[in-house]
Each structure stands twice: as structure tokens, then as C-alpha cells.
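This document opens with one chain alone, in C-alpha cells, the form predicted on its own.
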């Protein structure tokens, strides 16, 4: 594949087949690639993210590492009396939107001839990468914090990945994986730029489902920010191809217990602040040091978006609101619609706008916890 990679910090160019996971300066890479949309051919293909093959930076002759991902539904819901659209991205093979990134990244790894990889995650990313690595026949080692829930470990292990439990928290786990990555390919869902290239298919599907147009506002949860950047890249690709007129406002939602991106946005910081991580129901977005924070800040600014914070007190009620409309989400996935509720009450969202919220993970992944939360919600 001819596409090059560029460091997002120092701007240095690198060959596309580079296996290092970051630049010498420590910055993350981005793929330099012009997306194409051959509409006539594209629309002959089955609905699903690989219908946008020419918009993805993998070789045309490479067989995708796929588990039959379909185009996820766009369901109409009511929040605060306003009709919005919910993109049900938990309806992927492993139960979360992370399959978008995993299928593209593992396809690229197949193209590179990777035989063994390491990843650090204890949640949806680990499950997705483990599943697609199994599909690709690539040995996978998942580093997780010691004390990770047995349910999560079961899903990861069921795909055949080796699990390494690391004493300490999330940062210690990442550091251990990075050390292992000196010798093994680092299939990181936040460092690897090909994972994020897969996430942008979220925007492509929305464009088609909305009748070849962009929404006015997209609301997504943000930890490492892959959905923020995926929306920005995807809609930018469509804009550059002349298929939409303007970018939607992108709203990122964080938990009050861990909100570095909110601090950066609200205080206009030019550095990553030190954050004390507190326990939260939205554990999937509890990330203290998102490595692509500069890109996230730029994406929010370029789309005239914003960052919103929600408390744990708001999650149980929103889980119930979703469930009563037929959508069973995991706790982290309730953060984005809870943030949307804020926006509606503040007047940022108005009736008549096309508003989309992402529901990222299935409630069956945390059925016991979701049941307990909903049954014991205040009021």
C-alpha cells in the first residue's frame, strides 16, 4: 500500500509499512490517505463497513479480516421530548463499536504479515481485537489490570488470546504492553492509526442512512477519543469528496470522574492536565491520558463542537430511558445520551435538527450490573 504515515506532533513522514507504534518524538501516527467513493460500485455491495473499501487504507487485493459486520441500525428515540437518532453500534459481532477498528487494523496487520501482537485493554477493545486476531490466525496477548472482572476476562480468553494481568492501574498496564511491543507488533486501539481508520466508517454509514447527508450534531462518548476522531475523519473524507456540504458539530461526552478532554476544551489548555481518576460507572471512558488529545481538541474546534461532562448520578436514569425504548446499553454507553439530555435542556439542541447519538456497547456485556443499576436507580 502506497499510503504514508505522518507524526501528528512533529510532522515527520514515515513509510506506510512501518511497524513502530510511535514516532521517535513520542507522537502518534496518522495515515496519509485520500478516500475514494465510487458510488455506483459501492452501492452494489452488501450493507456494511467493507462496502467503503476504497475509503479505507488497505490494499485492494487483501482479503478483509471480517466476521460479517453489517451496517448497524439507526433507531429513532425520544430524549427530553426531542426525537433523536441512535446509532446502535453495539450490534456488532463482539457487542461494541470497537469491531469497526478491529476489522480494519487486523486486515492491515494481515497485509503486513504480522504473526503475533500485543494489546492493552480490559474492555471492548480487547474483546474486539481478540476476536479478529482469532479470525486472522494471529497470536494475540492482552494485557489487563489485575482485578479485571471475570466476565471481561472470559470474553477475551474465549477467542484464544493470552491474558497477562498487571499489578497496578491502567497506566501500569499500558506501560507493560509497550515494553512487550519492543519485540511484538503493538495492536493498540489508541496508538495504531489503522484502528482509528476503521472507526470512521461510523460516519459513512450515517451519511447513507440519512439520505446522503450529514447530521447537524453527533454526540459520542470520549475516553481515548476514537469516535470523536472517527467522526471527524469520516465526515471530512465525505466533505473532501464533495458528498456533503459541511461537517456536523461533534460533541464529546466525558464522566465528571475522569474528564481531561473537558478540561482541555473548557480551559483552552495547550497541554494534557494531570487528572486524579475516580471510580465511575462509565469505566469505558475513564482515561486519564488520551494520547491523541491534540487531534481531539482540533476536531472539536473545527466542527464547532464542544465537550460535555455527566455524573454517575445521571447514568442509571438514562439506562432506564433507553431500556424502556428497547435499547439495552452498558453503563458507559449511557454517558453520551445523558450528555445529549444536558444539551437539550441548555437549548444547544433544538427540535427539527438532525441529531445522532452513538450507543457503543451492549448491556448484555454487563447484564448483572445493568440490572442492579436500573432496579436501584433513585426515584
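Treat the numbers as computed from the prediction; the structure is a model and nothing was measured. Residue numbers count along the first chain shown, from 1.
Here the subject shifts to the form predicted in complex with a small molecule, a form of this protein not shown in this document.
Residue 361: heavy atom within 4.5 Å of the small molecule in the predicted complex?
-> The answer is yes: residue 361 has a heavy atom within 4.5 Å of the small molecule.
Does the 4.5 Å heavy atom contact test between residue 226 and the small molecule in the predicted complex come out positive?
-> Residue 226 belongs to the contact set for the small molecule.
Give a yes or no for residue 221: in the predicted complex, does one of its heavy atoms lie within 4.5 Å of a heavy atom belonging to the small molecule?
-> Within the cut-off, so yes.
Looking at the partner-bound form in the predicted complex, is residue 248 within 4.5 Å of the small molecule by any heavy atom?
-> Residue-level check for residue 248: no, no contact with the small molecule.
Just one stretch in 309-317, 49-57, 325-333, 23-31 has heavy atoms within 4.5 Å of the small molecule in the predicted complex, so which one is it?
-> Only one stretch passes the 4.5 Å heavy-atom test: 325-333.
Consider the chain as shown here, without its partner, and state which of 285, 118, 217, 79 has a heavy atom within 4.5 Å of the small molecule in the predicted complex.
-> Partner contact (heavy atom, 4.5 Å) among the options: 285.
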